[in-house]
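There is one chain below, alone, in C-alpha coordinates, taken in the form predicted alone.
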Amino acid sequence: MFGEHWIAIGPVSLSETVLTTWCVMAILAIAASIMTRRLKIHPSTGQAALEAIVSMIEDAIVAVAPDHAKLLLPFVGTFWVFLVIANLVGLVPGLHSPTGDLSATAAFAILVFFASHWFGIRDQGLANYLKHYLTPSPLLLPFHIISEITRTVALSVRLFGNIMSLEMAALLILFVAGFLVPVPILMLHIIEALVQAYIFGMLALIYIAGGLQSQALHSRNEEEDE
(Lines give C-alpha, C1' and ligand atoms only; values in the text may rest on other atoms or scores of the structure.)
Protein backbone atom coordinates (compact mmCIF):
# COMPACT_ATOMS: atom_id res chain seq x y z
CA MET A 1 0.00 0.00 0.00
CA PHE A 2 1.34 3.41 -0.98
CA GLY A 3 2.56 5.38 2.00
CA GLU A 4 3.06 2.23 4.13
CA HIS A 5 5.60 2.80 6.92
CA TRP A 6 8.99 1.28 6.22
CA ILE A 7 11.00 2.33 9.27
CA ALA A 8 9.80 3.04 12.81
CA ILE A 9 12.04 4.58 15.47
CA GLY A 10 10.02 4.90 18.66
CA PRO A 11 7.06 7.19 17.93
CA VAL A 12 8.66 8.39 14.67
CA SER A 13 7.94 6.48 11.47
CA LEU A 14 9.08 7.06 7.91
CA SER A 15 6.73 6.32 5.05
CA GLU A 16 7.52 5.44 1.46
CA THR A 17 6.63 9.00 0.48
CA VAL A 18 9.16 10.49 2.90
CA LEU A 19 11.94 8.10 1.92
CA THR A 20 11.33 8.59 -1.80
CA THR A 21 11.26 12.37 -1.36
CA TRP A 22 14.55 12.31 0.53
CA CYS A 23 16.11 10.11 -2.16
CA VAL A 24 15.00 12.54 -4.89
CA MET A 25 16.45 15.47 -2.95
CA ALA A 26 19.73 13.60 -2.41
CA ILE A 27 19.99 12.67 -6.10
CA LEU A 28 19.34 16.27 -7.18
CA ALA A 29 21.86 17.64 -4.66
CA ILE A 30 24.57 15.21 -5.78
CA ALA A 31 23.82 15.78 -9.47
CA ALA A 32 23.91 19.56 -9.04
CA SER A 33 27.22 19.34 -7.17
CA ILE A 34 28.81 17.18 -9.87
CA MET A 35 27.46 19.13 -12.85
CA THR A 36 28.48 22.54 -11.49
CA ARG A 37 31.91 21.53 -10.20
CA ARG A 38 33.80 22.25 -13.44
CA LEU A 39 31.93 24.89 -15.40
CA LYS A 40 33.73 26.20 -18.49
CA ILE A 41 33.37 29.19 -20.79
CA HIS A 42 33.12 26.76 -23.70
CA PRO A 43 30.56 24.33 -22.29
CA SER A 44 30.52 20.61 -22.75
CA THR A 45 27.37 18.82 -23.88
CA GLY A 46 26.22 18.26 -20.28
CA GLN A 47 26.89 21.85 -19.28
CA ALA A 48 25.10 23.14 -22.39
CA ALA A 49 22.04 21.03 -21.54
CA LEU A 50 22.10 22.30 -17.95
CA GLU A 51 22.37 25.91 -19.11
CA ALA A 52 19.47 25.37 -21.51
CA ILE A 53 17.27 24.11 -18.67
CA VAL A 54 18.19 27.08 -16.47
CA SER A 55 17.57 29.49 -19.36
CA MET A 56 14.11 28.02 -20.02
CA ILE A 57 13.16 28.33 -16.36
CA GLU A 58 14.52 31.88 -16.22
CA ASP A 59 12.55 32.86 -19.34
CA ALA A 60 9.36 31.50 -17.75
CA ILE A 61 10.01 33.53 -14.60
CA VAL A 62 10.79 36.69 -16.61
CA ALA A 63 7.47 36.32 -18.43
CA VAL A 64 5.58 36.40 -15.12
CA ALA A 65 7.79 38.50 -12.82
CA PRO A 66 10.36 40.35 -14.97
CA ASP A 67 11.62 42.52 -12.11
CA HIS A 68 12.29 39.61 -9.75
CA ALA A 69 13.75 36.90 -11.99
CA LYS A 70 17.08 36.66 -10.16
CA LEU A 71 15.34 36.60 -6.78
CA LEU A 72 12.92 33.81 -7.73
CA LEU A 73 15.15 31.65 -9.94
CA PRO A 74 16.80 29.56 -7.16
CA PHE A 75 13.53 28.70 -5.42
CA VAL A 76 11.25 28.30 -8.43
CA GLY A 77 13.90 26.53 -10.52
CA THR A 78 14.68 24.02 -7.79
CA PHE A 79 10.97 23.49 -7.17
CA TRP A 80 10.29 22.87 -10.84
CA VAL A 81 13.14 20.38 -11.31
CA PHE A 82 12.17 18.54 -8.12
CA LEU A 83 8.55 18.19 -9.26
CA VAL A 84 9.59 16.79 -12.63
CA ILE A 85 11.79 14.11 -11.03
CA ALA A 86 9.23 13.36 -8.30
CA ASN A 87 6.47 12.87 -10.87
CA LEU A 88 8.65 10.57 -12.98
CA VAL A 89 9.66 8.36 -10.04
CA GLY A 90 6.49 6.35 -10.61
CA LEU A 91 8.07 4.95 -13.79
CA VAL A 92 10.58 3.01 -11.69
CA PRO A 93 9.22 -0.48 -10.97
CA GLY A 94 8.23 -0.86 -7.33
CA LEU A 95 8.21 2.88 -6.62
CA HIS A 96 5.44 5.46 -6.52
CA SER A 97 5.59 9.18 -7.16
CA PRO A 98 5.66 11.18 -3.91
CA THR A 99 3.24 13.57 -5.59
CA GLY A 100 0.68 10.76 -5.63
CA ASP A 101 0.41 11.17 -1.86
CA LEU A 102 -1.81 13.99 -0.58
CA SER A 103 0.47 14.61 2.40
CA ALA A 104 3.35 15.41 0.03
CA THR A 105 1.38 17.68 -2.28
CA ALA A 106 -0.11 19.45 0.74
CA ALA A 107 3.43 20.08 2.01
CA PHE A 108 4.42 21.52 -1.39
CA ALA A 109 1.35 23.76 -1.44
CA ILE A 110 2.07 25.00 2.10
CA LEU A 111 5.64 25.71 1.04
CA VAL A 112 4.31 27.83 -1.83
CA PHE A 113 1.93 29.57 0.57
CA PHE A 114 4.72 30.64 2.91
CA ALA A 115 7.10 31.42 0.04
CA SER A 116 4.63 33.83 -1.57
CA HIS A 117 4.34 35.80 1.68
CA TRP A 118 8.04 35.57 2.52
CA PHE A 119 9.15 36.94 -0.84
CA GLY A 120 6.52 39.68 -0.66
CA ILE A 121 7.54 40.75 2.85
CA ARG A 122 11.23 40.57 1.97
CA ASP A 123 10.72 42.81 -1.06
CA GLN A 124 8.26 45.34 0.39
CA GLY A 125 8.46 45.14 4.17
CA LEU A 126 5.76 43.75 6.45
CA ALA A 127 3.60 46.89 6.72
CA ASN A 128 3.56 47.63 3.00
CA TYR A 129 2.91 44.01 2.12
CA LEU A 130 -0.10 43.71 4.42
CA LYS A 131 -1.73 46.80 2.91
CA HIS A 132 -3.01 44.90 -0.11
CA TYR A 133 -5.21 42.77 2.16
CA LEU A 134 -7.11 45.92 3.06
CA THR A 135 -7.47 47.08 -0.55
CA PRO A 136 -9.78 48.47 -1.79
CA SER A 137 -11.67 48.14 1.49
CA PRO A 138 -10.89 46.58 4.90
CA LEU A 139 -14.22 44.75 4.58
CA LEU A 140 -12.58 42.49 1.99
CA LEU A 141 -10.01 41.14 4.47
CA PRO A 142 -11.99 37.92 5.22
CA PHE A 143 -12.33 37.24 1.49
CA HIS A 144 -8.58 37.69 0.97
CA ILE A 145 -7.91 35.20 3.77
CA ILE A 146 -10.40 32.69 2.37
CA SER A 147 -8.79 33.08 -1.07
CA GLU A 148 -5.33 32.30 0.36
CA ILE A 149 -6.62 29.15 2.05
CA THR A 150 -8.70 27.83 -0.85
CA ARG A 151 -5.99 28.29 -3.46
CA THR A 152 -3.51 26.42 -1.23
CA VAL A 153 -5.94 23.53 -0.79
CA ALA A 154 -6.76 23.50 -4.52
CA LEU A 155 -3.06 23.49 -5.42
CA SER A 156 -2.35 20.43 -3.29
CA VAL A 157 -5.45 18.45 -4.26
CA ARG A 158 -5.01 19.15 -7.96
CA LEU A 159 -1.52 17.69 -8.25
CA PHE A 160 -2.36 14.75 -5.98
CA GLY A 161 -5.49 13.90 -7.93
CA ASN A 162 -3.82 14.04 -11.33
CA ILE A 163 -0.77 11.96 -10.41
CA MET A 164 -2.77 9.40 -8.43
CA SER A 165 -5.35 9.00 -11.21
CA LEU A 166 -2.56 8.67 -13.79
CA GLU A 167 -0.90 5.83 -11.87
CA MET A 168 -4.23 4.10 -11.24
CA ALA A 169 -5.19 4.36 -14.90
CA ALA A 170 -1.84 2.96 -15.99
CA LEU A 171 -2.12 0.03 -13.57
CA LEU A 172 -5.71 -0.67 -14.67
CA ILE A 173 -4.83 -0.68 -18.37
CA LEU A 174 -1.81 -2.91 -17.80
CA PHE A 175 -3.96 -5.26 -15.71
CA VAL A 176 -6.64 -5.51 -18.40
CA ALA A 177 -4.43 -5.48 -21.51
CA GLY A 178 -1.35 -7.09 -20.05
CA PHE A 179 1.96 -5.81 -21.34
CA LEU A 180 0.76 -5.41 -24.92
CA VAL A 181 0.65 -1.63 -24.63
CA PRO A 182 3.61 -0.66 -22.39
CA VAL A 183 5.10 2.01 -24.67
CA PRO A 184 1.96 4.18 -25.08
CA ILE A 185 1.32 4.00 -21.33
CA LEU A 186 4.93 4.91 -20.63
CA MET A 187 4.76 7.90 -22.98
CA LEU A 188 1.45 9.01 -21.46
CA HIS A 189 2.96 8.89 -17.97
CA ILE A 190 6.01 10.91 -19.02
CA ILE A 191 3.98 13.57 -20.82
CA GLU A 192 1.43 13.89 -18.01
CA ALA A 193 4.19 14.03 -15.37
CA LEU A 194 5.92 16.86 -17.22
CA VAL A 195 2.66 18.74 -17.80
CA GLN A 196 1.57 18.49 -14.16
CA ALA A 197 5.00 19.63 -12.93
CA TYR A 198 4.84 22.60 -15.31
CA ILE A 199 1.32 23.58 -14.25
CA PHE A 200 2.05 23.29 -10.53
CA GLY A 201 5.30 25.22 -10.90
CA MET A 202 3.65 27.92 -12.99
CA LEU A 203 0.81 28.33 -10.49
CA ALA A 204 3.36 28.57 -7.68
CA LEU A 205 5.26 31.20 -9.67
CA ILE A 206 2.07 33.19 -10.29
CA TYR A 207 1.13 33.13 -6.60
CA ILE A 208 4.61 34.25 -5.54
CA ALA A 209 4.72 36.94 -8.23
CA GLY A 210 1.32 38.13 -7.03
CA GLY A 211 2.72 38.63 -3.55
CA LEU A 212 5.70 40.55 -4.93
CA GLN A 213 3.54 42.79 -7.11
CA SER A 214 0.75 43.43 -4.61
CA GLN A 215 2.19 46.71 -3.36
CA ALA A 216 2.87 47.91 -6.90
CA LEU A 217 -0.77 47.29 -7.81
CA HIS A 218 -1.86 49.03 -4.62
CA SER A 219 0.22 52.10 -5.45
CA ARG A 220 -1.07 52.12 -9.02
CA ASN A 221 -4.67 52.05 -7.83
CA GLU A 222 -3.98 54.96 -5.49
CA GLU A 223 -2.51 56.99 -8.34
CA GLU A 224 -5.51 56.24 -10.56
CA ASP A 225 -7.89 57.35 -7.77
CA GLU A 226 -6.02 60.62 -7.46
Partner chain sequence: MELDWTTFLLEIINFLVLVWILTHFLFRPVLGIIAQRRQSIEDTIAQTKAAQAEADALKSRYESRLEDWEKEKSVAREAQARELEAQRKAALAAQQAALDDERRKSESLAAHAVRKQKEADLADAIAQGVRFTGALLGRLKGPEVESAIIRMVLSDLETLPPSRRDALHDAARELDAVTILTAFAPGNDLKTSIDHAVADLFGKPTTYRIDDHLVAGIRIESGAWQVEASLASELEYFKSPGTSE
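Being a predicted model, the structure only gives us computed values, none of them experimental. Positions refer to the first chain, counted from 1.
The same protein also exists as the form predicted together with the partner chain; that form is not shown, yet it is the one meant from here on.
Asks: Would you say all of 65, 92 and 210 touch the partner chain in the model of the complex, counting a heavy atom within 4.5 Å as a touch?
Replies: So, no: the whole triplet misses the partner chain.
Asks: Contact with the partner chain in the model of the complex for residue 111, defined as at least one heavy atom pair within 4.5 Å: yes or no?
Replies: Close contact exists here: in the model of the complex, residue 111 approaches the partner chain to within 4.5 Å, heavy atoms only.
Asks: Does at least one non-hydrogen atom of residue 74 fall within 4.5 angstroms of the partner chain in the model of the complex?
Replies: Yes, residue 74 is a contact residue.
Asks: Is there a heavy atom of residue 202 no more than 4.5 Å from a heavy atom of the partner chain in the model of the complex?
Replies: No, no contact at 4.5 Å.
Asks: Is residue 45 one of the residues lying within 4.5 Å of the partner chain in the model of the complex, judged by heavy atom distances?
Replies: Looking in the model of the complex, residue contacts with the partner chain do not include residue 45, since no heavy atom lies within 4.5 Å.
Asks: Work out which of 188, 195, 54, 169 lies within 4.5 Å of the partner chain in the model of the complex, going by heavy atoms.
Replies: Result of the distance check: 54.
Asks: For 74-104: residues with a non-hydrogen atom within 4.5 angstroms of the partner chain in the model of the complex?
Replies: Counting only heavy atoms within 4.5 Å of the partner chain in the model of the complex, the contacting residues of 74-104 are 74, 75, 77, 78, 79, 81, 82, 101, 102, 103, 104.
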